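First comes one chain, alone, set out as structure tokens in the form predicted alone.
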Amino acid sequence: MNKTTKMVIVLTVITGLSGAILSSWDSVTKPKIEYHKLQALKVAISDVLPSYDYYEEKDIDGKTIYIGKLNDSTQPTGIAFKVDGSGFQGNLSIMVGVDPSFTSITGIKVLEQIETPGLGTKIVEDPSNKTDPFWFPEQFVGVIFSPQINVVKNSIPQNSNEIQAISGATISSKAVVRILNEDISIMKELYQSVN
């Protein structure tokens, strides 16, 4: 057996073993990853909904919504759902809470993002703002999205449908607003079609 044949055999065995190890490791880690994603989803629902005792999960045309309710009432306190869209670097996944009439936002929480570290990641947390590192997502609470949410740069929002952009990350700020503007109206139509 010549040297080349031996190298091919050795590399084939190493590749086969590596693939088998990775495949078995995936089966070990996958359930844990899914469990942690579910826990993060539950926390996000809790963060964006106003006070509630329990929530109902409802599927409407392939979209899942979470309806927060109080024990002594059949009326919802708020509605939460996940929205997705493209940001500056890649996909953004956001949990959104709205009031039952779909007129204002009760909260948002970014679930997944791969924005530019130190700039676009401020849509989740702004470590440079020592007094309020969560100022960007918190400013959406109470925002009216009729006719749509608008972004203002380098100034304080003056209207109830405006939010302030992150300095140096205007594209990421606008991406969040664009996703919310597009998907909230879609979810409103879906929700009202069954209620």
Partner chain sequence: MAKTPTPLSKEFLKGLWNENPILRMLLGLCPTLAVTNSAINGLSMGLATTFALLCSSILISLLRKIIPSQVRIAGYIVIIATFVTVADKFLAAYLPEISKALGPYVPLIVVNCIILGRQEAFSSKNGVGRSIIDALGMGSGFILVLLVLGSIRELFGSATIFNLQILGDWFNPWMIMILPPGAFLTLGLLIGLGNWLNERKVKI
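Residue numbers count along the first chain shown, from 1. Definition used throughout: the rigid core is the maximal C-alpha set that superposes within 1.5 Å between two forms. Computed from a predicted model, the values in this text were never measured in an experiment.
Just so you know, the form predicted in complex with the partner chain exists too; it's not on screen, but the next bit is about it.
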Item to check | Interface stretch in the model of the complex with the partner chain - options 27-35, 158-166, 41-49, 145-153, non-hydrogen atom within 4.5 Å | outcome: 27-35
Checklist entry - Taking heavy atoms only, is residue 194 within 4.5 angstroms of the partner chain in the model of the complex? => result no
Checklist entry - Would residue 104 count as touching the partner chain in the model of the complex under a 4.5 Å heavy atom rule? => result no
Next on the checklist: Taking any heavy atom pair closer than or equal to 4.5 Å as contact, tell me whether residue 93 reaches the partner chain in the model of the complex.
Outcome noted: no
Checklist outcome for this item: Contacts from 111-143 to the partner chain in the model of the complex (any heavy atom within 4.5 Å), listed N to C, are 111, 116, 117, 118, 130
Next on the checklist: Aligned on the rigid core, do the two forms place the Cα of residue 35 2 Å or more apart, comparing between the shown form and the other one?
Outcome noted: yes
